[in-house]
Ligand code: 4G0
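The chain below stands alone, shown as structure tokens; this is the form predicted on its own.
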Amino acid sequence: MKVDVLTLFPDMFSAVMSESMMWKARDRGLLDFRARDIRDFAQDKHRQVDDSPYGGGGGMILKPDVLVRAIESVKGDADTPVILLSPQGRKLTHAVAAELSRLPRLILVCGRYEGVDERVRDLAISDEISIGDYVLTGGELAAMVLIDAVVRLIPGVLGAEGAQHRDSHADGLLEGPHYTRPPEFRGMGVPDVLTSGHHADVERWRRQGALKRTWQRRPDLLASAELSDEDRAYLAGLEAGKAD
């Protein structure tokens, strides 16, 4: 996947995109990432990218001539989604991340100050995405979150094959509990089923753990999760106090 980010602060991405999974994705040739400075597309000697809003009010607005020029220069003739990171956009979910992970290229636009001129939306933006119902000082952190959520779903990025399919929200449920060595810690042991060697029993235990955790913490997710008859019977037992 190729990801271009348009930002006023490209250096913010240096550490994040050079560590851990992002570095591995780039090193393996699975991610081509570039952070581009919007100021490079300004044509005046002061490289001005913002101006005060018509009608008054606080804050500064990113100028449409500079930002649209930047988007069109990076995009070229390609049919590439241009996503504005915005608290007004559709909410980033696992399903949205999966949708974007199947695309060959993304262009992300990071707003700043009071936002972007509305003509930028009309002329050059194809989608808006929000990472939550709150406001950040700019779109850079939101862009990093989106990139991380998307890139980890690209086949070959994660070391454990299929690990992303067991994540919270991947199948509509929260992920259940996990254990590792030592087998006993401060008087607390590991469930016997995990050391039994019976794979079917382990998978059933994990499924029930995911169901129980979702039932306890995010019961709203159960309304849209894909549930088997066995899942429904287990949940009914939880409701009745008859299941662990």
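From a predicted model like this one, the values you see are computed outputs, not experimental measurements. Note that residue numbering follows the sequence shown and begins at 1.
Another form exists, predicted in complex with this ligand; not displayed. Remarks below refer to it.
Chemist: For S130, is any heavy atom within 4.5 Å of this ligand in the predicted complex, or not?
Modeler: Yes, contact at 4.5 Å.
Chemist: Find out whether any non-hydrogen atom of G115 is located within 4.5 angstroms of this ligand in the predicted complex, and reply yes or no.
Modeler: Yes, G115 sits close enough to this ligand in the predicted complex that at least one of its heavy atoms falls within 4.5 Å.
Chemist: Would A142 show up as a contact with this ligand in the predicted complex if we use heavy atoms at 4.5 Å?
Modeler: Result yes; A142 sits at the interface with this ligand in the predicted complex.
Chemist: Answer with yes or no whether G172 is in contact with this ligand in the predicted complex, where contact means some heavy atom within 4.5 Å.
Modeler: G172: no, not in contact with this ligand in the predicted complex.
Chemist: Among the candidate residues L103, L136, V96, I154, which is the single one with a non-hydrogen atom no more than 4.5 Å from this ligand in the predicted complex?
Modeler: After the contact test, the surviving option is L136.
Chemist: Does any residue in 62 to 86 get within 4.5 Å of this ligand in the predicted complex, counting heavy atoms only, and if so which ones?
Modeler: Sequence-ordered list: L85, S86.
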